[in-house]
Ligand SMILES: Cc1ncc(COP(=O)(O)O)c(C=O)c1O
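Here we start with a single chain on its own, the form predicted alone, put down as structure tokens.
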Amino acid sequence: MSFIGRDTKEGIFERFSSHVSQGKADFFRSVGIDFVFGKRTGPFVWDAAGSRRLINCHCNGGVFNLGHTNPGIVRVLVESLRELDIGNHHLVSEQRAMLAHRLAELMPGDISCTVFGVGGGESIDLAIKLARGYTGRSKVISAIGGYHGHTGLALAAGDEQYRSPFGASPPGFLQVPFNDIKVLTAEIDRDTAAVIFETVPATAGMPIADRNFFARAKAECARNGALLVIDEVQTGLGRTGSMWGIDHFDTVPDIMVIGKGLSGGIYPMTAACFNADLAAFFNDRPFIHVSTFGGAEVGCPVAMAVLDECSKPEFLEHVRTLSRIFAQGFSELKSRHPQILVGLRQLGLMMGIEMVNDSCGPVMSKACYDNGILSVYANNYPRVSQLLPPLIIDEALAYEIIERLDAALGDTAAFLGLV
């Protein structure tokens, strides 16, 4: 049985508009990106009509780190389905126990315990709940322009544009500029439960923090009895050339949230991970947080296979090699497009194409699409276009992506009258 090509693209758009989201359908039609995922494999996706192929350099924020329908990961899921199902979150689970143990082996420092979820926002919610419950405090500090998800507490920690349409935010949330230790230090006090930052805030334009920023933030948290929560939903699992993005900053957070890539692109899985001291909060409250589908047993072997692959030294070295290719390529592109390209914001393959003004990002997204690349701009800092290719691409495709971006930058500059 085939699940692709059952309807025409026009029919798909009509059904989607009528029963899912008219706003999305109208938007993508209006900007000329009427693309519907059809066949997909490795770094490539084809339109449902089969007429267009894109190199996926969006990867849904890192979901497809290992490419689409990775054969090894798919094989594990098929084998898992022969024995396992969702399981029961209330009971002790062999599969969740094994996966959590493997995470403990790979986590930085003394992080050794895990609560599983389905989406990043859910696990961020759990992290904030744990910080508040453990400290008995309410204040949560996050970054201006940051993004942690669309659920309750995660939404409150994110940018105002995502929460203001829904009324007043819960009390206790405060935002500060990212990478500004002076302002952060002034705001942390004895009512602060948690400071939460993305290692690289993607939606804020992928700024890269100073080398000592997170270590100083952790020290200020410790001095005031607060907890440092690091959101690695996008930067984790090898994306930066290290297993975890925070590894580049020699800092061990109190709580770390991971997701997206943990799914292998085929089974939803996220996790909030923390040390044994924090885990003690749940000892007298073992049912204070439940997630029916969090850590579904059938998905645990998939996540285990992802961890095994992403933690291989040769895998991480491959990512670092690719990152050097892109760094050099963008140095050359900057000399070719000085009127539009400012540079590359980069930590491994967590990359942002920085351009001269806020009009560039939206236009660049369309120019990339026209040149065979799926890429989106950073919504909270639109002069930056996000560039997150799958981590499994080869060097030849890296060079091809750079060539296509060369053309897209030229098209963007021409459209905006910058040449």
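Don't overthink the numbering: it's just position in the shown sequence, from 1. Because the structure is a prediction, the values reported are computed rather than measured.
Missing here is the form predicted together with this ligand; even so, the following discussion is about that form.
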item	value
In the model of the complex, segment of 230 to 238, 330 to 338, 279 to 287, 296 to 304 with a heavy atom within 4.5 Å of this ligand	230 to 238
Close approach of Y147 to this ligand in the model of the complex, 4.5 Å, heavy atom	yes
Touches this ligand in the model of the complex: G120 (any heavy atom, 4.5 Å)	yes
This ligand contact at E198 in the model of the complex, heavy atom, 4.5 Å	yes
